[in-house]
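For reference, the chain that follows is the form predicted on its own, supplied as structure tokens.
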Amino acid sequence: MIEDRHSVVLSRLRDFVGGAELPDGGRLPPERELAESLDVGRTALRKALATLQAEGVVWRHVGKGTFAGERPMDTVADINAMVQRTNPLEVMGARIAFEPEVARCAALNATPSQIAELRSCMVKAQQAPTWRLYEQWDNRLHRLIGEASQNSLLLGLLDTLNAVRRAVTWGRLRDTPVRPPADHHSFEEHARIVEAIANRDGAAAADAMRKHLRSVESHLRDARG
């Protein structure tokens, strides 16, 4: 019964983090406010936050609060140095070289619950009412693939790459429409990646990820003109 209650609170919190319009820093509301909003006790909320923190969905900064997403790299100076030396095309090149192999490992090692969460992320990205929420679910999908590799070093390298990617922006390319169109290219591409992982087909997962990232690169080039 206690475990069922935890699952309910965890589900409410997970849905909130995935769907809330958070400030740019991704800060969650204070514990008391969040507990009232979710209609849960603060003790149960803290336990659910601890679970999401262990999963890399949120991170905490003592004295500042709880934030959505993975914890920023401690080596901020090193990240900043990399940002200064690189550019968006290099970042995409690095992703194309690296992430397909992460997807290959995920196909070999993903747990059933991770595969289920990948499918859930994919659906929530498709249903996202804004680009910002789409990008949150897209980011979660790609990081979950890293988690599913069951390789902490690969995941750490992926987090470093993502930290650089967030800092090296392509500019605001999406003035309209408000949300991704129904035929957005990533929807079908994500589905191919997830199904390959679910089918334990490492080669297909790597190939699907590579094609997806090349498609992203092509669309970004077109948007930049």
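Start at 1 with the first residue shown and count on from there. No experiment lies behind these values; they were computed from the predicted model shown.
The same protein also exists as the form predicted together with a further copy of the same chain; that form is not shown, yet it is the one meant from here on.
Asks: Choose one stretch from 154-162, 35-43, 193-201, 179-187: the one whose residues place a heavy atom within 4.5 angstroms of a further copy of the same chain in the model of the complex.
Replies: Looking at the other structure, the answer is 154-162.
Asks: May I ask whether T86, V91 and F98 all come within 4.5 angstroms of a further copy of the same chain in the model of the complex, judged by heavy atoms?
Replies: Yes, the whole candidate spot contacts a further copy of the same chain.
Asks: So in the model of the complex, does H61 come within 4.5 Å of a further copy of the same chain, heavy atom to heavy atom?
Replies: H61: no contact with a further copy of the same chain in the model of the complex.
Asks: Does R210 make contact with a further copy of the same chain in the model of the complex, using a 4.5 Å heavy atom cut-off?
Replies: Although a further copy of the same chain is absent here, R210 would touch it in the model of the complex, with heavy atoms inside 4.5 Å.
Asks: Whether Q126 contacts a further copy of the same chain in the model of the complex should be assessed with a 4.5 Å heavy atom distance threshold; does it?
Replies: Q126: no contact with a further copy of the same chain in the model of the complex.
Asks: Against a further copy of the same chain in the model of the complex, would Q150 count as a contact residue? Criterion: heavy atoms within 4.5 Å.
Replies: So Q150 counts as contacting a further copy of the same chain.
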